[in-house]
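The chain that follows stands alone, in the form predicted alone, written as structure tokens.
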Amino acid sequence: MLIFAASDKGGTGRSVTGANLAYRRALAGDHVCYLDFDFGSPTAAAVFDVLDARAAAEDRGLHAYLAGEAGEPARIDVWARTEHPVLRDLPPGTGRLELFPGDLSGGEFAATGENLHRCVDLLLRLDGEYDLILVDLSAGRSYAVDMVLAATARPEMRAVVSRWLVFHRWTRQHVTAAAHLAFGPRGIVAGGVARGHDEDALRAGVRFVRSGVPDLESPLWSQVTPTQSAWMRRTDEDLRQLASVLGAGHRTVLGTVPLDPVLQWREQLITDEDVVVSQIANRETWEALGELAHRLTDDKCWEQA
């Protein structure tokens, strides 16, 4: 299964949340690969704490492969190459977790001709090798988004299940931008239809992920003034109404990731140790990521909204 992670803006938590989802699915026993298609600014290696990814990707990153400058893209065994100590001591039954890094000086390029052919070939081969393929796309209606829309519209890709996650922070600007990226006149659905996708099927395969959402019942916010509390609750309700009007309401949301200092300041994987031992991460965040990871492949969560 292909999961495409998109966002209209940077800073939405797309990459760090996607890496955590890949990590959680691999812990559960799935064989998972993470493709860093954020051609302009690949960052997944830092989230996985793979410090030697720069050397591994030199001249063999995804950009170089898709541009025809490398015969095969570099792939990194995260469990073997990570500097994260917790990830070196895995429980039995853990699946593979491999990173296909991007080139640090890659940049965007058009999805045409041989570039597109190599993208289709790569996705087909990986679909036969892994249970889950998470593709982290450049922000906005980028060349990376155009490339995978064109690739998945090809006849040979029709049997491969693909789904879209559109990430956004819980602000008025981000909600609006995410809805337009998904359903606007130049958005993912419109772009897919122009390339031969069925509109209803593509629309049904789009879900939103709200990131950095404050839990207003948390003790964290108990010290605010009554005026601030009332304003926050009113604003939260206004955001819910806005999302509903724009087609990004509750029925199209796959999951919500709470505001958490570890994700906001460190952008790292959240492990059991972070929640139970050091207690630097909130249990609510750990549980939300686990539920979101489960919903990726739960067909009930992808029924027509």
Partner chain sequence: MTAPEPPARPVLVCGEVRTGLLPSLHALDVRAATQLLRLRSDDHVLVSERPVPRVLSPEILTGVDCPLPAAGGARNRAVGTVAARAALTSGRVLQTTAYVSLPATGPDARRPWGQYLVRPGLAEPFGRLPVRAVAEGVLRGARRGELDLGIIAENLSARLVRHPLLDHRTPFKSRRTRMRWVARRVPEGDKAALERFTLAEDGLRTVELRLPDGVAAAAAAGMCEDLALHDWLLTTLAHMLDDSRLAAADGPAAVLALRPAVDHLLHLWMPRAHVDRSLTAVWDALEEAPGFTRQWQTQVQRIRDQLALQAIPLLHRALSPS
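Positions refer to the first chain, counted from 1. Owing to the predicted nature of the structure, the values given are computational and were not obtained by experimental measurement.
If you look for the form predicted together with its partner chain, you will not find it shown, but the lines that follow are about it.
By the 4.5 Å heavy atom rule, the three marked residues 215, 234 and 249 all fail to count as contacting its partner chain in the model of the complex. The partner is absent here, but in the model of the complex a heavy atom of 69, alone among 238, 52, 69, 272, sits within 4.5 Å of its partner chain. Contact annotation: of the candidates 200, 89, 129, 83, the single residue with a non-hydrogen atom within 4.5 angstroms of its partner chain in the model of the complex is 129. Considering its partner chain in the model of the complex, the lone stretch of 143-151, 163-171, 69-77, 179-187 in range is 69-77 [heavy atom distance within 4.5 Å]. Heavy atoms of residue 194 never reach within 4.5 Å of its partner chain in the model of the complex, leaving it off the interface. For the chain shown alone, residue 31 is a contact residue for its partner chain in the model of the complex, at least one non-hydrogen atom being within 4.5 angstroms. Heavy atoms of residue 64 reach within 4.5 Å of its partner chain in the model of the complex, making it an interface residue. Contact annotation: residue 224 falls outside 4.5 Å of its partner chain in the model of the complex, judged by heavy atom distances.
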